[in-house]
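Heads up, the chain below is alone and in the form predicted alone; it's given as structure tokens.
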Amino acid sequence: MAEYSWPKQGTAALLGSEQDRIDGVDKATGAAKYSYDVVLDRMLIAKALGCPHAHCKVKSIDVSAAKKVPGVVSIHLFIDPKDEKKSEIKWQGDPIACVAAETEGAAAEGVAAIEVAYEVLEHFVNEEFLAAAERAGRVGKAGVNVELENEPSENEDEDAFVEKELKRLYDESAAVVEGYYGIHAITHMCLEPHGSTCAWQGDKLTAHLSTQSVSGTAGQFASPLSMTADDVTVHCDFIGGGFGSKFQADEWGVACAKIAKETGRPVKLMLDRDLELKVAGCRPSGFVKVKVGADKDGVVKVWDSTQWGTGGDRGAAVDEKQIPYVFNPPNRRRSAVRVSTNTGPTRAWRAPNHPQACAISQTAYDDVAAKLGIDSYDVFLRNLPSVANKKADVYAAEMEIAAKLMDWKAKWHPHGKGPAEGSIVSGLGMAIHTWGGGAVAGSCTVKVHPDGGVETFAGSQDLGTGTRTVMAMVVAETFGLPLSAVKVNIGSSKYPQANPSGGSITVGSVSETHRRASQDALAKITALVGEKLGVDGAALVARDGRIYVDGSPDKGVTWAQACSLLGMNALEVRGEYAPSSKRSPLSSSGVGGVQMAEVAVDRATGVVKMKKFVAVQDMGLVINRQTAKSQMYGGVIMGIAYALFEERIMDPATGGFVNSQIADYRLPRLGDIGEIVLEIYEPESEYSRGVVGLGEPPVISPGAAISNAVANALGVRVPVLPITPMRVFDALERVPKMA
């Protein structure tokens, strides 16, 4: 059995290099077929009808007119008006029915012809103001966490002690900051909306599903259809975005399969854009009122906060123990409540709850710096000993790198004291973040053909992050072959079970399984070559398309010659990984990152423009440097989006999602991004930890960093993200004085 390991840093031919995605040409030329692109013979097109009200009961549904529309073939109901519980709708857009027809136009006409009678009920959609939520009876039970350095005496009342101790700590503080910070909910905006194309072959179902979980969704179709998962094949070659929202088959996916079964024809049901934004998942909002006490150097000693937010009618918001984010001051009292709203349900959104926690707590640390007149960089640096993840040394090194890339010391100025160019003022801000990203259980099969061809099979998926390329690089590196020599097969639930793509677990997981399978396969092949050469197979190495005695390249055979020793049958080796109490040498968990933002704010228009953004990130062993940087770019751009532009806007009067169209849901354009500078922090100490996932960390800090930069520019905090011109004007009108 091979001793599983990675090459030493700097000795690998492929690992850590920059490689183009192996599917890049297919995507650029349009040859890549996404789930939305699947077209099958005699296929019907289905469209869904969403509820127009935020809260109501469906009293009746009349589909008689819809059935008469030319081209309409089938109508499926999601709601049963006769069922008291299932007839209640709690957010706008919740599916009521769908129509399958010969053409998209006929399906749309059929949907428009459905008549629904509603009993409109009271709604609540604006969670920003906690008092209003309390008056509406929408606030849940508070979660409270108290941790103090001192403890009450045996007979002392605990609550009274806590109040007394907090007062003492604030009285002893050199600076006390009381702040309000918030970040609004945003919704998923995948380029390819949710949905599938379903087709039956007898009693077997094939679902061409846009999914982040190829291996995990077959059972989600099977259970409601009274089937076994073995009779379902989920297929997804390419996916146009997921970001945490596409782990389920969803009720519309099951409906698609039911209609296909009923009609005996393939059916495509993909959500329209407005339904996509309303029901396909949102990132919860988060708001906090906090009182912070720090010493004269800006080291936070005491934190007392009340926070709230919503994930819709169900689903949690930011947990009280998540703030202050990363930092862990010695004295803390934190409480949190969830506000119930008539808005679409929460789903994972790239680093669930971390961006919110960062944005509503590291802004308070920046305000401590402003109160003391200290450089924010120094305040963050001095608070590093309190970080909960024990990565203070990593953060310090990354901060030093980021500061040089930003030229922080030359550009920094006290809050609101920088030079102005007319009405335009500039500022700097920073934030730090953490994430897990450890590998999870999975499997693959590596197949080596007698002619030297190499294939790998796994029920994984590539969200556009370069998973195919990572798999190929790991296998090619192990066999000493060029990247083009490896064919990667993913996207089918019939392949060996692999992990879903979420939590930044994919690169670690597929690297674990593919390295193990490849090293086991290579051990079998080198044993055969060793017999042929009359040497110990363990003394052989695979490099540059040859297998030879280490140090003697001439004493060996070509890869094709080595594989011919397999005989008539291909060699198939299963690679498996399951986390255990003993850490695998191939992957690890836990990363940190530092981000800095430079902005320009026009006090006359309220417009915030990005000038420069610096991101420094550790990630263990880097497989593909090019796709790693691509992940960092993407995360930063998404962070700029939610910091300055992106939010779900609800109408309190009607409960309607005001900007649920792609033309109205504001996202940044190329000119809104500014300069982005990236640096991967990869000393030997990080490389030796093995592979750690990267997908989510870069999206966490931008909100806090940009908010801090705006506060540095203006000398006043714009407390709630996104920082729109109107919110800038509101903050300038308050103009609190920074003492």
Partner chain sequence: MKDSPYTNTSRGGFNRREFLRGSGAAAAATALANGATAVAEAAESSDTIPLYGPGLTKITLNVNGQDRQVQVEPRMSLLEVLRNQLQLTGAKPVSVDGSSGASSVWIDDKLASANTVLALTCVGRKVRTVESLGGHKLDAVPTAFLHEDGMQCGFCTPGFVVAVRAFLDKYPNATEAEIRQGLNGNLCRCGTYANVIQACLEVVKGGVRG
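Positions refer to the first chain, counted from 1. Everything quoted here is computed from the prediction, not taken from an experiment.
As for the form predicted together with its partner chain, it is not shown, yet the points below apply to it.
Annotation: in the model of the complex, residues 188, 463 and 627 each come within 4.5 Å of its partner chain through at least one heavy atom.
Residue 644 falls outside the set of residues with a heavy atom inside 4.5 Å of its partner chain in the model of the complex. With a 4.5 Å cutoff on heavy atoms, residue 21 counts as touching its partner chain in the model of the complex. Residue 70 belongs to the set of residues with a heavy atom inside 4.5 Å of its partner chain in the model of the complex. In the model of the complex, its partner chain sits beyond 4.5 Å of every heavy atom of residue 410. Residues of just one listed stretch (59 to 67, 680 to 688, 23 to 31, 710 to 718) have heavy atoms within 4.5 Å of its partner chain in the model of the complex: 23 to 31. A heavy atom within 4.5 Å of its partner chain in the model of the complex is found for exactly one of 229, 667, 130, 77: 667. Screening 393, 451, 203, 104 for any heavy atom within 4.5 Å of its partner chain in the model of the complex leaves a single hit, 104. Residues are counted as partner-facing when one of their heavy atoms sits within 4.5 Å of its partner chain in the model of the complex; in 651 to 690 these are 661, 662, 663, 665, 667, 668, 669, 670, 671, 673, 674, 675, in sequence order.
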